[in-house]
Structures are given as C-alpha cells and as structure tokens.
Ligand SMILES: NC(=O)c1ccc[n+]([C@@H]2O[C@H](COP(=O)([O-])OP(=O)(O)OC[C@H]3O[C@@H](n4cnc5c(N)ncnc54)[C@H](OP(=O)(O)O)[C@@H]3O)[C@@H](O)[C@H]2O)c1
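Next up: just one chain, as structure tokens, the form predicted alone.
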C-alpha cells in the first residue's frame, strides 16, 4: 500500500483543501484563524503548508453565523458524503460532536485515506478502538489535540516530548465548566444551582450541562490521556466517574476550614504492578498545591514522567479561539504528513491490552457527609459500623451554629484515614441501612498529589 502522499499526489499541490464538518463555535473559529493567520502559518512552515477550506458541512446554511469573515456561500453543503468525497478536500476536520454521524464521517474519511482532525473526545473515548484500528489499517492518521484541554498542547506533548518517558501519573482539572461552578461556590458562596445558572448565562455551560457536571466530559479526556500514555484501549464502563451535582456550600466551607479547596479532579496513575488507576471525582486538594490556584474556566494538567519529572500545563480549556488554535496546529501536522512521507503521525496503540486497577483497590483519605436524623447516639451508631470495618476516623464535625447550640442539625461530617475505596464503600453501604441515615452518604476523596 502506497503512503497517502504518493497515493494522492498531494506533493504537487500548491495548497491543501480542508473539509470542515461543523461550523459552530469552534468551526467558525478555525475559519477565522486561517483567514487571519494563513500567511503567518505558511511562512512559519517555510512555505511548505498552505491551507484553505474547500467545503463546510452545516445543517442549515441559512443559519451560518454572521460574525464569520467572508465565507463564500458555495462552500457550504448539508451532505457529509459530498464533503468527504470531494476531490478538493485533502483533510477532513470533524467538529459536529456526538458519536453517530461523527463516527460515519471519520470512518469514511479514513477509508478515503484523508487524514482526520477532530476535537470529539466522546467519539474517541467510546469508539476509538474501532477508529484507531481503521486508522492503522489505512495508514492514515487521526489528530485530536483539541479533544483534551482546549488550547493546551497536552496531546502533542505526550506524543512527542514525553515519548522517551515512562509516565507515572497525570492529575488535572480538565473541565472548565465544573471548575467555574466550584470556584463561584467557593468565592461567592453560591449554591450549586445558582453557580450553574450563572455559568449558563455567561455561555460557559450548555443548556444541557450534564456531561460537564456529571464528570463524563472530564472522563472522556482522561481516557484519551491514559490511552496515549499507556498504549492500550480503555472501556469507559470500567472507570469510576462522579460529578459535582452533590457538592453543597457545607462541603465548600469544611474544605476551606481544613485548608483545602474542592476541585473536579482527574487522576491517572500507573502502579508498580503495571496496572493503571483512572478515576474522576470531586476531591479535596490542599490550598498549597498549584492545582488549587486554577480558577475560572481554565484547565491544568500535571504530568510526572520518570525522566522529565514534574511538568504543569495550564491554559484555557475551552472556547472558540483556544480550541481553534489546537485544531489548526493539527491541520498543519496533517498537511506536513501529506506533503512529506514521514510515516503515520497520529496515535497508534502499542499494546493490545492492559490492566485497569479496580476503583475498589485505590486508596486515599476521605471526607464523607451523612444526612442524619438529629437524635442521641447517631455518632456512636455510625462509628460502630466503621470500627467493625477497621476504618480509622480522623475527625467528626457537625455544622451547629455556636449561637444556637440546641438547633437541629442535619449533616454530619466524618474524616477518614487512608483506606481502600472498596473497604470504605462496604462500610458506607452498611451505614446507609441505619435508621438515622436519610440518604446515600456523599464521598469526597482527600488527595495527596506530588
């Protein structure tokens, strides 16, 4: 099989055509970036990369954003097959989202031996096994820098700069919406519902914010990072994901008093036996840790490699221009691979399988909030169950108003010493059966980060 550059004869082209599937916030940002900086890109690549958008897939051409600069109407199509099959299209950019039509577009482009650029983390996390196999079969790469952390070049860094490192761990804040919400709860004392409404009003959260607040947007990104670092496909069903929907001002206040902040944290860690820990959950992290100072919609990823040591990558995790910047960087890389026969430059899994460590075998300290009935003996009942499971208690608190010590309390907070999550969960399942417990206990990990 001939490499794509020979097969398609693109070395003789003066310009490479892009098929842009999707023209929303990011797609229009890609158009504007190329329109604004096209000559700069060509100059920086020694005149070897000239890019133009040949075709744009939209649902309704009449609803194209008026703010986009000088888009000829004839480039629009509503037929994705026409985009992929157009001989003027050399590279396909998928920005429509979802995992159905997006899968068909990417798969068709790969079969046509047209490199793909995508920012679709859900697609790659859930159907990446199929697509990466097809990419390898067709010797045609998938580039996905924009799928993780917006404008932060974390994907290329892991692929290239850390290629000689055994990566021990990632820990990161990789969902800007949840970080904004938790920040407003911390700084302004807002409830979760009020902070979410504010994020939606500012355009930081979608009308349906489920993937952001339930942790799965961050989880999809974490799966991609782990797949890159450890080289084997990961089934989303096998990882532990918990969101921020149950975070209350009570939890934020306790964290502050204890010297912590609450963040939605993605943790990826390789253990000595080769198993990989991967989980996403709201966590307490020390105020002294650099991740605690990541505010607003910004993202940050800390990477620990055996040779490079600790590195931190920080920047905007979403938005039109940062994400478009990552898409354009991938476009340049895809264009270079077409013009110069340098081999497959996308991700290629290098192991058929690996072992994910069960979340039950992962260990931290914990903060647990119990919704209890105010009556004598509540603490003793809970503590008796925990003692039977040999779980150490480092603190017990109830948010009683000092000015009214006889007021009824509802929340009881326990702090636990480090133990396995499985042991904790077994104990909490038993505690939840007590008559004094009114709802499922809420768990936050207390993280010790390097």
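Residue numbers count along the first chain shown, from 1. As the structure is a computational prediction, the values presented were derived from the model and not from experiment.
The discussion below concerns the form predicted together with the ligand, not included here.
Of the residues 183, 319, 209, 354, just one reaches the ligand in the predicted bound form with a heavy atom at 4.5 Å or closer; this is 319. Screening 337, 179, 120, 140 for any heavy atom within 4.5 Å of the ligand in the predicted bound form leaves a single hit, 120.
Mapping the unseen interface onto this chain, residue 323 counts among the residues with a heavy atom inside 4.5 Å of the ligand in the predicted bound form. In the predicted bound form, the ligand stays beyond 4.5 Å of every heavy atom belonging to residue 390. Although the partner is absent here, residue 36 sits far enough away that none of its heavy atoms falls within 4.5 Å of the ligand in the predicted bound form. Of the heavy atoms in residue 101, some are within 4.5 Å of the ligand in the predicted bound form. Stretch 93-101 is the answer when you ask which of 248-256, 192-200, 272-280, 93-101 has residues with heavy atoms within 4.5 Å of the ligand in the predicted bound form.
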